[in-house]
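Just the one chain here, the form predicted alone, laid out as structure tokens.
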């Protein structure tokens, strides 16, 4: 079903006029059609002709996602899917840029006013060096990339991300774009009973979509969001102020965070790991261990590793690697994250994968059933269905606890 609700407005968000909003809604609907109308046809195409063609050409059946890709890429139906999907992504950013350009200084003034109401700290690193694995390309085809060009500190790039990612998710991250953080918070309250973190760190926070729920659900905690993108954390600080929350933001690299040992009780990330390199990930895990107080938790939320799914599903998800400027999307899922956590110092018996159900789906199901939802209900898990924004309607979470 098409998600028809709108993104919740706040002072720092670009305000689209009627024509701009129409184009943005078209893009959201187009992306939904790609996922629900075109993508499900890939399975029958693969089974009825692509796999057979591969067998005839090679003398064997496709063995893994790489073989499946070789079988599918020459097929006209797959080419149609890939091209429309890429076009929809480029149109997404173009439709938002129109609003930002038209508002100009007015948008910046509103955001700066909102930032003044956030009592949380803002740190921007002078001469900060953005890692090349982030700066070398426009991730998700976003013009300028997440971090912008060297020396760029314009929070309009954060505004582009804020509106753009809502359209990319087709609204399934909820009106406040915060479903992933909210889902993990509900999971913590349901599964880590009695855990009350005093200090929380969100790594790779971009504009703080997933950061703010931690302040909402753990209001007494000191919450920090850090990211390599200066424009993103500047905008995130303003966005938090616009939404009435005092949250701290800083431009920092998750590989080396400028906080003392044992400073945090909870270190989290939300779709960070697939944006980092194979060299960076082990260091990020070690940094999480260093930053945690004894008994503290590390939780990374992302899509599941490839060894938890069949080869065709791997192929479907790996299309982001090839067609959406996500070079580490597939590579991250082949890394042994449990081993990385062990090597970082986390006890083996504390490390596990689990699923945090999407909060937006749980609330929708509860509303349809006519009952209220609390954290204790955050337990449902479903199987992957082609076209869903998140496999199984949930976020895969890697959890590890530092030795007490």
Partner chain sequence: MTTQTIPPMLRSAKGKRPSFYETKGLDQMMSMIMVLAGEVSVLADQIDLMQRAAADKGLDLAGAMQAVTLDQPALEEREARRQAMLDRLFYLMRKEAAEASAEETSEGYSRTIEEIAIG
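Model, not experiment: these values are computed from the prediction. Residue numbers count along the first chain shown, from 1.
Missing here is the form predicted together with its partner chain; even so, the following discussion is about that form.
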item: Non-hydrogen atom contact residue 94 with its partner chain in the predicted complex at 4.5 angstroms; value: yes
item: Its partner chain contact in the predicted complex: residue 312, any heavy atom under 4.5 Å; value: no
item: Residue contact check: residue 90 to its partner chain in the predicted complex, 4.5 Å heavy atom; value: yes
item: Interface membership of residue 322, its partner chain in the predicted complex, 4.5 Å heavy atom rule; value: yes
item: Candidate spot 178, 196 and 290, all three touching its partner chain in the predicted complex (heavy atom, 4.5 Å); value: no
item: Options 214 to 222, 136 to 144, 262 to 270, 230 to 238; stretch whose heavy atom lies within 4.5 Å of its partner chain in the predicted complex; value: 136 to 144
item: Position in contact with its partner chain when the complex is considered in the predicted complex, options 191, 123, 149, 286, heavy atoms within 4.5 Å; value: 149
item: Single option in 160, 298, 186, 247 placed near its partner chain in the predicted complex, where near means a heavy atom within 4.5 Å; value: 160
item: Sequence-ordered list of residues in 80 to 95 near its partner chain in the predicted complex, where near means a heavy atom within 4.5 Å; value: 80, 82, 83, 84, 86, 87, 90, 91, 94
